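Next up: a single chain in structure tokens, the form predicted on its own.
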Amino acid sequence: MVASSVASVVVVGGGIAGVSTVTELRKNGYAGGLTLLTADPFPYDRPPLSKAYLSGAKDLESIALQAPEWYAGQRIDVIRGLAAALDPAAGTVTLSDGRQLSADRIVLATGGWPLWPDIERVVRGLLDRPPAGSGIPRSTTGIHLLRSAEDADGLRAVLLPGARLLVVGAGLIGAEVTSTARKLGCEVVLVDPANPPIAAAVGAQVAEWLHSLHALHGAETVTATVEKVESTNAGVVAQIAGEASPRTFDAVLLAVGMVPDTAMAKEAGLDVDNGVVVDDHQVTSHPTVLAVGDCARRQGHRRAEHWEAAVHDGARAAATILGVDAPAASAPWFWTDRYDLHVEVVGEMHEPEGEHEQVVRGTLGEPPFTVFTLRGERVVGAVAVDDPKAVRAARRMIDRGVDVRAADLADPSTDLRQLLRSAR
């Protein structure tokens, strides 16, 4: 058992970052008091919200991050409530109902809010962004956000066969919801000003192919902005830039990104700059407060919004509280699913300019295939479609910094594991 001078910890937020923090603490021998505060009925996984949960294939219990008895068995007090105020000096978190939690260390895992696009006449009442778990619906006017199960429930209720859905934003969430809605028989128009969307994340070649899948599956894609959205008795009326007349939809999903939930941290006097600023140990500008997941940004790094990044944040925070070394860092990785295809991305997908080169293993557009990005003879990124073994190998190549030949990567008959072993 690891000895720790920290007698009690409160984790504010029941997403993957918060649950990862408490899991890593107990797994590594933390014996002190441990409280997890969540605004939701219980901590659940968010990636299925735009896919299996939204389609109805999974219910809320099936996407729980841990079974209820697990928390009891680990002596973790799970408290449902909304954090309203933080006092770092006193070591307290005050809930919206007046209850107060005290601890030697407080870990902020407050996540983020859907980003509101700059669209004229979006219903003003939604701009207050009532929090998940507050019981205040965020989708009563046909204009939807998607961050919580509550949001997904509201959106799912309108995704009936033949329903007309406008999706604003073709990033991961927008694309996944478009795929799910098409499977449910909805008519979908997907609007994004970027052409192709998410090129910075997966490279232009793959991005263009992924975006083309929407049309192949019957969704209409429009490269434009949305100038106006207005809820009327006939439906939600949207004016798409460049079009002569507005269109009417049964529902609109705004999926243009997220902003970190830093309001409480800022009010408490912590340094905030596109996230609660933390050091390499997840410690904020106050030594007794740590921050993890979507709400946090490590100084000198871009803020990461992916599931695995939140898991790593939780592991680092736990190590800091325990006074032990943090797990070794690995290349960033994330995944997305659409139209029954599984896409994984690792590292950085630099465009092939200067010293960067992109190599296709297989045939682009005919899954399974993988596109690697190399700098010289080093793999720096890869995106794989229905090819998880290739992306796992690419991750090891990046982490170990091994030299490989582009011709070997491009040859589907080359065993990538053998390539790794021979490169040692």
Partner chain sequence: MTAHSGNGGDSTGIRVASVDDIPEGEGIAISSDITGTDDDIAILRKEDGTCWALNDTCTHETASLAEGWVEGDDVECPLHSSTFNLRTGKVDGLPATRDTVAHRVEVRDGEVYLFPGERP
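The structure presented is a predicted model; accordingly, all values stated were derived computationally and were not measured. Positions refer to the first chain, counted from 1.
What comes next is about the form predicted in complex with its partner chain, which does not appear here.
- Just one of V359, L60, V380, L65 comes within 4.5 Å of its partner chain in the model of the complex, counting any heavy atom, and that one is L65.
- Comment: its partner chain is not present in this chain, but in the model of the complex one of W113, W209, Y339, W335 has a heavy atom within 4.5 Å of it, namely W335.
- Listed stretches are 295-303, 174-182, 341-349, 226-234; the contact stretch with its partner chain in the model of the complex is 341-349, by a heavy atom cutoff of 4.5 Å.
- Among heavy atoms of V19, some come within 4.5 Å of its partner chain in the model of the complex.
- The closest heavy atom approach of R46 to its partner chain in the model of the complex falls outside 4.5 Å.
- Interface residue remark: G365 is not counted as part of the site for its partner chain in the model of the complex, having no heavy atom within 4.5 Å.
- Mapping the unseen interface onto this chain, K389 counts among the residues with a heavy atom inside 4.5 Å of its partner chain in the model of the complex.
- Contact check at 4.5 Å (heavy atoms) against its partner chain in the model of the complex: all three of W307, R396 and R417 pass.
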